[in-house]
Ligand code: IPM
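One chain follows as structure tokens, the form predicted on its own.
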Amino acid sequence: MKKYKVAILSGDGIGPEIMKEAIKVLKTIEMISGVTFELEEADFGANAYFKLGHSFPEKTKYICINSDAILKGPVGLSYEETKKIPIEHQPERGAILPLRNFLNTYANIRPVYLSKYLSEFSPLKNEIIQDGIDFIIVRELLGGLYFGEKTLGINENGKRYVKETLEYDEDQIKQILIVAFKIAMKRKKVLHHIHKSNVLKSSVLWNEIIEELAEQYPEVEIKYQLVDSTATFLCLNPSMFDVMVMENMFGDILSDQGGGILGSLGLMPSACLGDKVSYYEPSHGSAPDIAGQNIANPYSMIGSVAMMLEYSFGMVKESRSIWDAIQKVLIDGFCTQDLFNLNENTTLVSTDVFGDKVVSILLDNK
């Protein structure tokens, strides 16, 4: 019997609530498949700082690096609560970026998917998305402006100034492009590189390297799209995209836009892949304003379980069964508060009821 160790970082805000539903689904898969998941909870984020004095404690690092995969909930508290934490320990700087560096999770995979039967959730017109929405954003996760040198100070003229460096080397670019090419090979064999080469020399280098790698993937058609026009076409014609690859900040922004055209970031799970241990998380924040109310959408957290099963454990069949189940709950007309007002033919359910319905479908189809 196979056994996998999974670190559970529930995080802050709605994190523990949606993680509870993810674990419920994971235990159902355990029962159906015969695979054992050994779960170990670890402190991470703002609550970890208030409890232990660090948002990414050493014990959590140990649990993460000794796991086969990590399920991570969103982190962060309200603005006022966050101000109580020193800047260097605030969740984004003190937990998320260090976690990525620690695990070398350089590839962020974000599927943007909405069945054609659920088009009423999207703010886009039905004639634009009559076949649904289905593309994948592949985002570089360890370079660019977010990880470059940063300076904040007073210049020689006595003016406050800031300087932030965007830096990539060819190895960083190659490794994320290879991930994107491999995903494209499994889909429609079309790869869009999202860039800004008319302004940024970093994009010029990305374009050069993708052209060099293209010789190894002759079946893949490469298309080049400026990032600003991409933002436009995501609203006007999202079906023109299948697999998109881009640098860190472009990916951060456009993947949130992807959630917007679905109708909610609550429909956006993601995978953060490294060479050894990968972690899986919702693309959205911790929504502290609705925490504890049992109204958060667990779709993205449960979808992250599906991605973990496929990418870390090779359990493709079980992963597909979870995707089918969470989609069926929506198709059957049940949704949480974030989607309720977007489709008049829906019935409002709580966080835990949504999870229960996913489990019921999995058991019915086992």
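These numbers were taken from a predicted model, which means no experiment stands behind them. Don't overthink the numbering: it's just position in the shown sequence, from 1.
We do not show the form predicted in complex with 3-isopropylmalic acid, though everything after this point is about it.
Among residues of the shown chain, E92 is one whose heavy atoms approach 3-isopropylmalic acid to within 4.5 Å in the predicted bound form. Using a 4.5 angstroms limit between non-hydrogen atoms, D134 is distant from 3-isopropylmalic acid in the predicted bound form.
Not displayed here, 3-isopropylmalic acid is approached by Y146 to within 4.5 Å at the level of heavy atoms in the predicted bound form. At the 4.5 Å threshold, heavy atoms of D252 reach 3-isopropylmalic acid in the predicted bound form. For the residues I210, L273, V243, I96, the 4.5 Å heavy atom test against 3-isopropylmalic acid in the predicted bound form is passed only by I96. Between 197-205, 148-156, 125-133, 96-104, the stretch whose residues reach within 4.5 angstroms of 3-isopropylmalic acid in the predicted bound form through a non-hydrogen atom is 96-104. Scanning 264-294 for heavy atoms within 4.5 Å of 3-isopropylmalic acid in the predicted bound form gives just one residue, E281.
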